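Presented below, as structure tokens, is a lone chain in the form predicted alone.
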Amino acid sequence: MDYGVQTTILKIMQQLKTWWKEEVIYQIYPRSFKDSNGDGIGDLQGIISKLDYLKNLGVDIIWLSPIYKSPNDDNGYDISDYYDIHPEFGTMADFDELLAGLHSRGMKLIMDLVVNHTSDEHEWFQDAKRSKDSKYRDYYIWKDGKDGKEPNNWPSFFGGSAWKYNEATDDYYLHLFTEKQPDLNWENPAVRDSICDILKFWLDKGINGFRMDVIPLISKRLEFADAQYDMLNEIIEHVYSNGPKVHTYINEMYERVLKNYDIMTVGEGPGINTEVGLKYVGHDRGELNMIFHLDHMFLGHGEFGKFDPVPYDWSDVKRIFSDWDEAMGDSGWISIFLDNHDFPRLVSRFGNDEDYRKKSAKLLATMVLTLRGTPCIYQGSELGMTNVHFDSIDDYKDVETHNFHEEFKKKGVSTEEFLKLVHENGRDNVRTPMQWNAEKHAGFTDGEPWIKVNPNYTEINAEAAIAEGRGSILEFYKMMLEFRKRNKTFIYGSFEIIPQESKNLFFYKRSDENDTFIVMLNHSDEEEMVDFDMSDYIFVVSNQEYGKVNILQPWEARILKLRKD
């Protein structure tokens, strides 16, 4: 056999079993996790104070949303200095203490890498916008206007045009997100050099990897032709994502920096579909370890995105997870999640946060922790935290919400009607403060929180869940996390859907040479008949008291194990 082929096979075999497949990610949105100094903003010392809580929960990898210096136009995803900590969060000494605290507990830390764009207050852009002769001019993307208007019809993710006029140089710069987030020009080798320097700085500090924000957007289609699609999600997939050099750029980061460290990389995947997914995460690609694909999170998004809802049901969700598992096969890997800082609370979107909040939260936890992929839990999901329904648009802080509010007002949509859309899909649903106890401001802060606390904190909080014990959502998460670690079949085992007539039933088999498990999920408020012979199986997990063997109760989750005798 050719030596090169042998080396490739050995490399693939070594990657098949690895720590980042076996461990579980927990995302912290630092601004909303825990405030230590009473200024109403969560910070690094606040996180440090809760490390034992996280360890006891049973998670392994902490993903921090951005903590870099930023003007916070998009809550830290607009970075003005990649080498410094935002003073609201603390200091570099606080960061070092956090990292040491995690490592001493056997846990890991991954950082958010936001390099599709910077803040317009970054020194590169501040210099570039002053003159066409700036040494940083080619760090960004500039185009002349067309017929007195923007260079093309590209829309921003957050509403309005993706182009902003710059008076000093009489041209436009590209910003796929807010106008304070100018896109970097990855065609420029100096930009890629600077990004590799950033990677090395944080990896040399000892972090364990990166979550790469909107990474499929970094390579632009340089003809900058008008988008020929109506729906925003179609524009993202066919115009903004998967550009001609995206794999060249990611592989360059891998070869120059990433491969030299034992780390995990996960890419956020807007526009990445099953046809191209393996190009990003194939074991032999030299790119990313896994992706957060967004197909299930974009379900229900209409022509204008999340604030233009269209119907979908659980058959769509099941199809997406099945298609992605088939697309990855044994050669790639994804992360399994149902909410994060950009999408609604999982129990409010995919469960029933009123009549069956606890049961549906436990069912969704079962699903996240038994599908094939690395699970990612968003802060508060382990408590069953829900969406928030503020009465005033002024109570919402998210730039996306306010931008689309202005867009919808121009279309004649009242603020009252728009708020109904925000209550369902606004990003602030997941950004309200973590609910630690029933005291003022949910124990998040001694001051005034940067955003209001969800009023249901008096009932839904960590202290109450701990006091409740075995029946709580928190204890169910702990049990399921330990169960997953104990049964590697849920990590490396095969995945096979077991067809059911009802669209509300999601049955699947996880099996390997040691064990076979059947996961049964009833995603509905109704009883559902079970079409599966359970005589050769034993019950090992349930999220509620057993009813009739051949009937699943509303929002019931069961895990069965094949007998060995």
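This is a predicted model, so every value here is computed, not measured. Each residue number is its position in the shown sequence, starting from 1.
Heads up, the form predicted together with a small molecule isn't pictured, but that's what we're talking about next.
(message) Against the small molecule in the predicted bound form, would Glu407 count as a contact residue? Criterion: heavy atoms within 4.5 Å.
(response) Contact with the small molecule, no.
(request) Classify Gln181 as contacting or not contacting the small molecule in the predicted bound form by the rule of any non-hydrogen atom within 4.5 angstroms, answering yes or no. (result) Looking in the predicted bound form, residue contacts with the small molecule include Gln181, since a heavy atom lies within 4.5 Å.
(message) Contact with the small molecule in the predicted bound form for His86, defined as at least one heavy atom pair within 4.5 Å: yes or no?
(response) No.
(message) Can you tell me if Phe490 lies within 4.5 angstroms of the small molecule in the predicted bound form, counting non-hydrogen atoms only?
(response) So Phe490 does not count as contacting the small molecule.
(message) To verify the annotation, which of these, Trp124, Tyr77, Trp324, Tyr396, has a non-hydrogen atom within 4.5 Å of the small molecule in the predicted bound form?
(response) Spelling it out, the residue with a heavy atom inside the cut-off is Tyr77.
(message) Can you work out which of Arg427, Arg372, Lys485, Lys358 has a heavy atom no more than 4.5 Å from the small molecule in the predicted bound form?
(response) Looking at Arg427, Arg372, Lys485, Lys358 one by one, just Arg427 meets the 4.5 Å heavy-atom criterion.
(message) Looking at heavy atoms inside 4.5 Å, which stretch does the small molecule contact in the predicted bound form, given the options 359-367, 221-229, 127-135, 336-344?
(response) Of the options given, it is 336-344.
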